[in-house]
Every structure is written in structure tokens, then in C-alpha cells.
Ligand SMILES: Nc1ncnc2c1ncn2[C@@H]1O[C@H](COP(=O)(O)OP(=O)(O)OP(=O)(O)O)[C@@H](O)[C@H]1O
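Just one chain follows, in the form predicted on its own, and it is written as C-alpha cells.
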Amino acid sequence: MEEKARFAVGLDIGTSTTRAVMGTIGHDGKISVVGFGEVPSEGLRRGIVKELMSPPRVIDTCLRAVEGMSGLEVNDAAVNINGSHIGSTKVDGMIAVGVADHEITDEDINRIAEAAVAGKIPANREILSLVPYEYVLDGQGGIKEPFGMHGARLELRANVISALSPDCENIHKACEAGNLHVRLLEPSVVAASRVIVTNTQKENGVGLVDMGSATTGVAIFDEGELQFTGVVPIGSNDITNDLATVLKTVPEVAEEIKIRFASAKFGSSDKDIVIKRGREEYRFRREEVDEVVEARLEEIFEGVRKLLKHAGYDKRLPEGLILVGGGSKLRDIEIYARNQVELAVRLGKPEGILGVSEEIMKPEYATAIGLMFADAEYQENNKGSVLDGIMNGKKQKKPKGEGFLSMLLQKFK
């Protein structure tokens, strides 16, 4: 019997724009994009769902665009979560697994994970992922995968990414009302890293900065693992709103100024900015625009710098920072960022995606594409539970008794 085709879907619910990407998963594991959609968002503020009436309509409209392009029905997806409530917590734990010749099993790995997080994560927070840094078996450290090894005492050092439970629940509710089952939640910046940051960069030490419309996410990788993630509650729309206020114009004109004329290389020109709309002509002083943009960018990257300091990586990332998201399209932004954070800075965009991908090879699509890859990875590590969710039109549920850690840690077998 011929094996059913498999599909993966990523849904990026942003404050200003909601984007979705669908791809087919080949027998070789490679993904080809077959559909995507993009619609204006409603009902979110600073990445957080604030009311449950509008987001379901937005989600449904976006997914219908994907279905129209792909000819396939979408029922399940990996979905992003955003907001300054997302945080990282370093945890550790130790368990006795038996006599010296005991072979480490899945049950032991689950037990040590549960021991490591016990009492470390507040009850009002939901664990999104657990990233093992190191296992120690009978005093021998530096172990990445203890499965099958022999020993009597197992220890774990790990990083737990968590978010406030009410905000997670609101995303689930909004998606369910939009006829979508959430396979997993992943922070926006972590999802973007899947298609932006290379393994070499993660090993050497690199930071990813996702400059969204209302928030700026930061993820730090070192020694091959995610070391920290956090969110600055300021984004590129704040620049637009500041321009509209200071220049006494409407947001549409302010957005055009930002996109067409604003630059992070301040003082490079003294010519007035002129915008024509029909018979109307708007004229603005370049110096005034520069002052507004610089003030807000300074605030954004001061927030990024604080997160780097908090994580212990200020000025010590050999691979520097990579900028993605719609805000990274501001001209000369990498020059300004380099001076502010005193690190190497480059722009990133998704690369090497197969299929109808030219239109989505943009920095603002990094999160949606990364979520599509997260969905494919989830399916690969959870065969028999949700593999056919997209194809058979049925909303799949997790089997009863399947705990989060048990499901998550399958990927580390």
C-alpha cells in the first residue's frame, strides 16, 4: 500500500500580520512549499491575544488562502507564541537509576527531566521546550545522549523555555475557534532560528534578533544549544506610530516614510522627504525623521543589549547577531545595530526552501517557515499520533496520559 503524503504547516500569528506556510514532506525528509497566505491581524497587542473574537476570523482567512493555493485542507499546525512573558530558566537534577551496570532507558531520561524541572517552574507557566545541555553519568560529564549507556546515577543540566499559561491557553482557544488544532507552540524567534541559524553558528555562539511589528525577540545559541530566549516589548510599528505623532500625519503616510525613506545611517542626507498622494503633497524634514527613528531604534537595541547582559553574552558572541523580521528591512539597520551592541551584525533570510518559495524568501516569513519545519519535526518524532491530521480532516488529540515531557524528550532518543 502506498504511503500517504505528509504535510507540515506553520502559522505565525503576529500583532500586525498573520502568515501561514504549508509544505510537503518528501521520503528524504526534505520539505517543499506548496502554499502560503498572509492577512492583517486583529485582536493582539505586543504579541499577546487580548480578545478572542477577531483572531479566529483572521486565522481562518489566512488558512483558507493556504488551502486555495495548495488544494489541501489544513486542520493542524505548529503555532508561534510571542510576548515579553516568554523566558528561559536553567535547571538541573539528579536521580539514582539502579546498580552500576543498569542500562539507561527512556523511562530514566523522562524521570531525570521531571526531577530537573520539579519546583523550578511556577504553576502559572507552561513548559514549551526543554533543552538538555549535558548529562552526567556516575560523574562522567559532557554526555549529550545517555540512552543505552550503563551507570547508577544520572544528572542533567538543561534550559527550560516557558510562557504564561493563560497566554498559551488563549492561543489554543483562538486557533480552535478558527478550526485549527495546535500541534505545538514555539516562541517566534526560536522558530525563525530553524531556517536562519546554521549548526556551525550555533556551535560557535550566535544571537538571533527577530524584529517584529510590536516585539523584538532574542535567542542566543552557544555550544550547539539554545542558551536563552527573551522578548523586548517594542517593535517596528512603534517607529511608524512615533513618526505619525511627531510629523502630525496619518499612520499610512508614516509607514511609507519608514519604508521608502527612513535609514539607520543618520545624517547621510539633508534633503526633504516628499510624498505625493493624489493631488496631495506631503513634505517632511529629513532631520526630524532621523531623530524619531534613531530614538526608537536606540530603545529597541538597548533592550536587546540588556537581554544579552542578562544571559551573560554581552559582547561575547563570536558569530555576532543575525537580524530577521520585517523591522530588519530598514535600510542600514545592521550598521546601526553593530555600533549599539558592539558585535558583528548581519541580515538573515530563509534560504534553500524548495517549491513555490520566491515570494516568501523574506525576513518577515522566517517564523512561519521555521514553524513549518517544527511541525514536520514534531510529526517525525510522534509517529502514530498526529501524522495524518492534515490529510484525513480529523482533529487529532494527544493520547490520554501522554505527558509533555514524555512527548518532548522523544526527540532526544
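Numbering starts at 1 and follows the sequence shown. Note that the structure is predicted; figures quoted are calculated from it, not measured.
This protein has a second form, the form predicted in complex with this ligand, left out of what is shown; the following refers to that one.
- Mapping the unseen interface onto this chain, I259 counts among the residues with a heavy atom inside 4.5 Å of this ligand in the model of the complex.
- With a 4.5 Å cutoff on heavy atoms, N237 counts as touching this ligand in the model of the complex.
- In the model of the complex, at least one heavy atom of T17 sits within 4.5 Å of this ligand.
- Though the partner is left out of this view, S88 does not reach within 4.5 Å of this ligand in the model of the complex, counting heavy atoms only.
- Heavy atoms within 4.5 Å of this ligand in the model of the complex are found in exactly one of 323-331, 285-293, 149-157, 89-97, that being 323-331.
- The single contact residue among V206, M211, A78, A191, judged by any heavy atom lying within 4.5 Å of this ligand in the model of the complex, is M211.
- Taken together, the three residues T215, E255 and E364 all lie with some non-hydrogen atom within 4.5 angstroms of this ligand in the model of the complex.
- If you take 36-60 and check each residue for a heavy atom within 4.5 Å of this ligand in the model of the complex, you get just G47.
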